[in-house]
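Let's start with one chain on its own, the form predicted on its own, as structure tokens.
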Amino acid sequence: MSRKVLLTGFEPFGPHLVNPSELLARSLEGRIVGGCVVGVRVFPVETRTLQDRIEAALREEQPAFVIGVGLAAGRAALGLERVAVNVLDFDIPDAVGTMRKNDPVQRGGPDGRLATLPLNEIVAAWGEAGVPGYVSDSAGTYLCNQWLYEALALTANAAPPIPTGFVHVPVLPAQAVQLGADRTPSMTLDLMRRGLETAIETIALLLDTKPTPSQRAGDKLWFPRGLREVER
């Protein structure tokens, strides 16, 4: 049986009528990349429901690894995030009007959580594939940062381990025209897709060469419980 990768994107939000992360995720749904079946979820930009949606997707898909994707207008390349910080400090409300300022993602949680994807190997593979990309040290303080923090918390003690990380993508060329082409870098959807496919292939190859402890047939992944009891 082919292993699964969970790939998530976000719906449009704020001034953005299109979210390339949604387009990317949907374009890869059900495909086999690097020997992995791509399972997809596209989440609304809603802070209060995000943890539950991520947890449900993990339980339903039982992925070998997880990649979240989100839009970061102003970036000129794919940004592979290194760390999620335990703070939400929104510049704009989420899709249902919730505004969070200087608010922890998880009360009592660590100040930061480090991504568990092979960052350097992915960036090196991007370079070989002609895809502009780099390791980013700031996922911001909006829902993309929240996604990474929540997903890392949910997979922290999973058995076997589930490598988890997040990629920020630039706007599409048509969006750059609307936002001001002279000041807004962009990237084509095809190039972004090549970057995600390369990342999936790289992770899958590393899992093949450095296998994690195997599961018995019929076993399900184990996820830590109790996050709902933590005051948020």
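All figures in this text were calculated on a predicted structure; none of them were measured in a lab. Don't overthink the numbering: it's just position in the shown sequence, from 1.
Another form, the form predicted together with pyroglutamic acid, is not on view; read the next lines as being about it.
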*Find the only residue in 80, 152, 131, 143 having a heavy atom within 4.5 Å of pyroglutamic acid in the model of the complex.*
143
*Indicate whether pyroglutamic acid has at least one heavy atom within 4.5 Å of a heavy atom of residue 84 in the model of the complex.*
no
*Any non-hydrogen atom of residue 148 within 4.5 angstroms of pyroglutamic acid in the model of the complex*: no
*Consider residue 45 of the chain shown here, and say whether it contacts pyroglutamic acid in the model of the complex, taking contact as heavy atoms within 4.5 Å.*
yes
*asked:* So in the model of the complex, is pyroglutamic acid close enough to residue 71 to count as touching (4.5 Å, heavy atoms)?
replied: yes
*Of 120-128, 135-143, 95-103, 155-163, which is the one stretch near pyroglutamic acid in the model of the complex, taking non-hydrogen atoms within 4.5 angstroms as near?*
135-143
*Does anything in 10-26 come within 4.5 Å of pyroglutamic acid in the model of the complex by heavy atoms, and if so which residues, in order?*
10, 13, 19, 21
